[in-house]
Ligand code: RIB
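Next up is one chain by itself, shown in structure tokens, the form predicted alone.
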Amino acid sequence: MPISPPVVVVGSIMQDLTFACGEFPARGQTVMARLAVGQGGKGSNQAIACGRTGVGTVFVGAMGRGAYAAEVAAFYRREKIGCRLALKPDQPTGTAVILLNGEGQNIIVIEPGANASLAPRDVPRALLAGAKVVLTQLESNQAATAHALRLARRAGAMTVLNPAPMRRDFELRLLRHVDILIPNESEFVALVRKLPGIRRTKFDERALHAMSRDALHALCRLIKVPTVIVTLGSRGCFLSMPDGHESIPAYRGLKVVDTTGAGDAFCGGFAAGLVRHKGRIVEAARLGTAVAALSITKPGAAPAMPTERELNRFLRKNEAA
């Protein structure tokens, strides 16, 4: 792999503890579940989703104390994806607790751990200098995220922010360094409510889904990021670009096993698509949609990301349909 790969993902890595239960427990209720332990974290998931498409990728993140760091390094070596981990011995590794019901839907609680200590100095300037795409999220330290976006913008890379999870302390000024913003429905609603001079306190996901595409495009333009892509789950995604808007439907007829990491699959696939399709937004979003569709047919987050062979076979099958 070259020193500066086409895609650099700066973000979080977690140890996922997934509890699969038939139904989510009600308040005060205890339910039986099956436990699975695996690798997760939005940044790591997105890096794996991107790297498995065959596009050169390096992940930059932070790990805490314990043997898990060695397991992660070995995993990335097997995946042939670059990995730059800053070790934070005074911090635990980030942990995510995931409840998964029988329909494949999830509830997630995270403890950031070492991810919150990822520092600007942990982001290699030289690595970003030759990248075509730099992808970030909000599960790590925001100062490091902002630093990575600034460096990438100065180097001429295309900067992508997935504002997940949306945080109360998120500052809109971070968007000045972003070329492409990829929120889901709830994150988009939270962003709109933060916009200055707009009374949107009653704006919610129901109102979002009721909007015309022209009205949604006009609202996206107020965010002042060149491209805004709102992922809409089973409704696909909506693209708002400087010269217009487009909707891309989700793939139908797939058996949903686990939706954990589907948004990360889209983001990673989209970043790979920007490289494969030479910066063309719509084609990249179509590839991201395909990667996300395949990811929900398997259990887990990182392990569910499709391989290049699986993805190409899926694309050929659907192009022929």
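The first residue of the sequence shown is number 1, and the count goes up from there. Bear in mind the structure is a predicted one, so any value in this text is a computation, not a measurement.
There is another form of this protein, the form predicted in complex with alpha-D-ribofuranose (RIB), and it is not shown here; the text below is about that form.
- In plain terms, the part of the chain that comes close to alpha-D-ribofuranose (RIB) in the model of the complex, with a heavy atom within 4.5 Å, is 93 to 101 out of 211 to 219, 68 to 76, 93 to 101, 166 to 174.
- Taken together, Met14, Thr260 and Ala301 are fully in contact with alpha-D-ribofuranose (RIB) in the model of the complex: each brings a heavy atom within 4.5 Å.
- In the model of the complex, no heavy atom of Gly269 sits within 4.5 Å of alpha-D-ribofuranose (RIB).
- Proximity of Cys83 to alpha-D-ribofuranose (RIB) in the model of the complex: non-hydrogen atoms within 4.5 Å are absent; the residue sits far from the partner.
- Heavy atoms of Gly40 reach within 4.5 Å of alpha-D-ribofuranose (RIB) in the model of the complex, making it an interface residue.
- Shown alone here, Ile110 lies within 4.5 Å of alpha-D-ribofuranose (RIB) in the model of the complex, counting heavy atoms only.
- The single residue of 124 to 141 lying near alpha-D-ribofuranose (RIB) in the model of the complex is Glu139, the criterion being any heavy atom within 4.5 Å.
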